[in-house]
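In structure tokens, the next block holds one chain alone, the form predicted alone.
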């Protein structure tokens, strides 16, 4: 048992654990969906750049799972690869497929959707990380500082794509507008803490759901104004809230692929 765990009350530890799972599972799934673009991005430079971002993001997930291991919740690799969908705390947005088809066969992925999802997600992650740097849980605050250094470049990358495509042809604008509609349908639980809202906010681990939503909208406003567009309104969580372990069948498929190699050799280093 670590010295950190010794000083945490059971209620505080449970709140920290739930938040860490939300952060870890989000990055774990969004990085996996990003990795499925390998070899399929619009050009080779983007293939390298987006693959690097996915690798960074998987590294962030690993940091959060390691913090959970330090709390004696379980081995980091096991927490990442062996938990069933019903125990996952990621948002619905993070688990969604990139488009029709299967990566190794005949994928028909939507780059506009990838750009919008990654940009909106990166901006949401940024406001969370900014808040987490003042978290009452010091190991998480220290991790947020490390994540923030890479996140700056991720956000800049996706913002550039977002603005360029919406400033391009009519076809590009139509595809981006359709992609935004799809992304916002699943955006309702991105800032949700689910059933753990009171505990997570009450222990000052991170800012409130409402405050994070307001910051996201404020950060997005200048960008949308430059494009002569209105920032989409963040909806309420739909009938499924990923923070409460409520997911789509798309998560089952992702986990089957993600855990396949690990289950063959659990002693390997992830």
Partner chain sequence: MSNLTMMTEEEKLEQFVQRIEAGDKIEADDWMPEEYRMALIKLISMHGISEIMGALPEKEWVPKAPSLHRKLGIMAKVQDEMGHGQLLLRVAEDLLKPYGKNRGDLMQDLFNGDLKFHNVFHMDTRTWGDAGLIGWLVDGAAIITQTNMLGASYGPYARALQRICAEEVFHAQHGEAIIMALAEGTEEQRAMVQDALNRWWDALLMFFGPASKDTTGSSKQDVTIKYKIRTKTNEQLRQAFFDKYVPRILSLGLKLPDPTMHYDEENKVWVYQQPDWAEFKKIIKNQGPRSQERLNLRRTSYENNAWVRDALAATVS
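Just so you know, these numbers come straight off a predicted model, no measurement behind them. Residue numbers count along the first chain shown, from 1.
The next section is about a form of this same protein that is not shown, the form predicted together with its partner chain.
Does at least one non-hydrogen atom of residue 175 fall within 4.5 angstroms of its partner chain in the predicted complex?
Contact with its partner chain, yes.
Answer for residue 197 alone: is it within 4.5 Å of its partner chain in the predicted complex, judged on heavy atom distances?
It does not: once its partner chain is placed as it appears in the predicted complex, residue 197 has no heavy atom within 4.5 Å of it.
Indicate whether residue 222 is a 4.5 Å heavy atom neighbour of its partner chain in the predicted complex.
Residue 222: no contact with its partner chain in the predicted complex.
Do residue 77 and its partner chain come within 4.5 Å of each other in the predicted complex, heavy atoms counted?
Residue 77 belongs to the contact set for its partner chain.
Within 4.5 Å of its partner chain in the predicted complex: all of 21, 238 and 241, by heavy atom?
The answer is no: none of the three residues contacts the partner (heavy atom, 4.5 Å cut-off).
Which one, 36 to 44, 225 to 233, 203 to 211, 241 to 249, holds residues whose non-hydrogen atoms are within 4.5 Å of its partner chain in the predicted complex?
It is the stretch 36 to 44.
Looking at 121, 162, 193, 111, which has any heavy atom no more than 4.5 Å from its partner chain in the predicted complex?
The residue from 121, 162, 193, 111 that makes the contact is 111.
Using the arrangement in the predicted complex, list in sequence order the residues of 46 to 74 with any heavy atom within 4.5 angstroms of its partner chain.
Result: 47, 48, 51, 52, 54, 55, 58, 59, 62, 65.
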